[in-house]
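Quick setup: one chain, the form predicted alone, written in structure tokens, and binding and motion questions come after.
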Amino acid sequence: MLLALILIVPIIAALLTLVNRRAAPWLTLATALAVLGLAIAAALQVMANGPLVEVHGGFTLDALGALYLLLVAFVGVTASLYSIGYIEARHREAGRIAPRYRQYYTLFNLFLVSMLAVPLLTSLAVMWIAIELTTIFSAFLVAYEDRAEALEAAWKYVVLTTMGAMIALLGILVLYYGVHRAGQPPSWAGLVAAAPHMPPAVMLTGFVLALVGFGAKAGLVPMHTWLPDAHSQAPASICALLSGVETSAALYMILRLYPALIRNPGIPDANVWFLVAGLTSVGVAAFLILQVTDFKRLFAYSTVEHMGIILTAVGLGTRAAHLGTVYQLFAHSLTKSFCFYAAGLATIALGTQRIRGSSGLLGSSPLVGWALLLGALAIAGAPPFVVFISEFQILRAGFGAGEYLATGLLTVFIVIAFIAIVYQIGSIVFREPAPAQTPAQALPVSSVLALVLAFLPLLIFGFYLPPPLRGLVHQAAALLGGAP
């Protein structure tokens, strides 16, 4: 019942937060810590004994799923800790308590449950339901501050991702037909086993529909337009979950299709689909970052870039590239959540999210200034942070495999994005403050603690990956290559 408990605990917490408003923040934090402990226990069992199967096959957890589960659980802890002080500070800034204050923690727990369910569920159709539930619960959180801009962003988010979900559902149904025809169960393992026996037209049609549908949720170009709007309006704690792990949930679904696609002998150019979709997203995002005017939108476009890097990496098709893919997946989640925590505190310190007119952050609020600068360097791929390790691994694997065109383009786009991110954030941090600039506000203690906690793995994993986590990463990369 270990896997079931991971979902049951936050569901109970969601109900309890409706009853006691004062205890809701701390109950949510305690729940997130409990979920992290359960996720670690489940991941250790997967490493030792292989995939976990529970509830008569209704729940299954393998190495790739366990890695994503750990990411959701860890970001859930830092986001819940960050929320305690940040939400109160936003209310003080607005001069009122939002009417949905109590619902924030209920929705937070339900949003967390929906993301935790994605790697745990066995059935592809039920997994699709979990992906759609992430949209439903998070949409209310995007519109939490009840402003016209936030409501518009939430509406755009719901419309675009729900349209994508309908397309993805059609893809899942097509794949269901192929799996059933091959006599396999409708799970990831069943899909991989059925792939060599499926008609290429069925396999490719299901994949393309899923790529477009889940790609809208992951923020792939050209279905990315909801992402900067939602991330600029949602509370920073929710942005950390949206950008750090929710977009990765949809990308996780696409990545799970890769080993099935390459096992079908009638689709010889399977990697091209991933390379084209990935490079398009990386290239467009890199140039969008150059002209962005809001630093939360900047980090949102960086998410589009990273989703593209991950797709490009898996499309390179080698074992080394798959290792870089998995490394990039967890490097993105850890780093992007930290970036939005820093951006949220920068908004409190500066009183605005706009890049133009914001200046002197390092002088007015040194902690936030350094956090924003380090976050920019980390997400752009500067050493010694974990994203640098993953991107270096991907580029080395690409050139080593002889994929010079794709890897060369990826290198150029990464360099453009690096320059744009560092230039934009550097102007906020180092520019002399305006004479009339208001003094920095006091920072919420819990949010600062969450910022520090989120920063530690960015630095540590850039130098050292603990053996258990390293083993999990290698097992997950092997699954991408089609290993049983």
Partner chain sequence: MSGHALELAQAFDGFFAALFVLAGLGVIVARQMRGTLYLFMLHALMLSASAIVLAIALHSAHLGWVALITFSTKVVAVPLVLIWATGSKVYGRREVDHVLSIPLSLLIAVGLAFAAWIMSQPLLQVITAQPFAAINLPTGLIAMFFGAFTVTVRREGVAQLMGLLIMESGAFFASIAIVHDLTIIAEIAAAVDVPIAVLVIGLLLRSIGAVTGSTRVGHMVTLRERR
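Positions refer to the first chain, counted from 1. No experiment lies behind these values; they were computed from the predicted model shown.
Just so it is clear, the following notes concern the form predicted in complex with the partner chain, a form of the same protein that is not shown.
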The chain here is shown without the partner chain. Which stretch in 236 to 244, 333 to 341, 312 to 320, 176 to 184 comes within 4.5 angstroms of it in the predicted bound form, by heavy atom distance? 176 to 184
Would you check, heavy atoms only and a 4.5 Å threshold, whether residue 205 touches the partner chain in the predicted bound form? yes
The partner chain contact at residue 162 in the predicted bound form, heavy atom, 4.5 Å: yes
At 4.5 Å between heavy atoms, is residue 88 in contact with the partner chain in the predicted bound form? no
Residue-level contact is defined here as any heavy atom of the residue lying within 4.5 Å of the partner chain in the predicted bound form; does residue 403 satisfy this criterion? no
Triplet 8, 391 and 417 all within 4.5 Å of the partner chain in the predicted bound form via a heavy atom: no
Residue (of 153, 386, 84, 216) lying close to the partner chain in the predicted bound form, criterion heavy atoms within 4.5 Å: 153
Please identify the residue among 211, 371, 194, 143 with any heavy atom within 4.5 Å of the partner chain in the predicted bound form. 143
Only counting heavy atoms and a 4.5 Å limit, does any residue of 129 to 153 reach the partner chain in the predicted bound form, and if so which ones? 129, 132, 133, 136, 139, 140, 143, 146, 147, 148, 149, 151, 152, 153
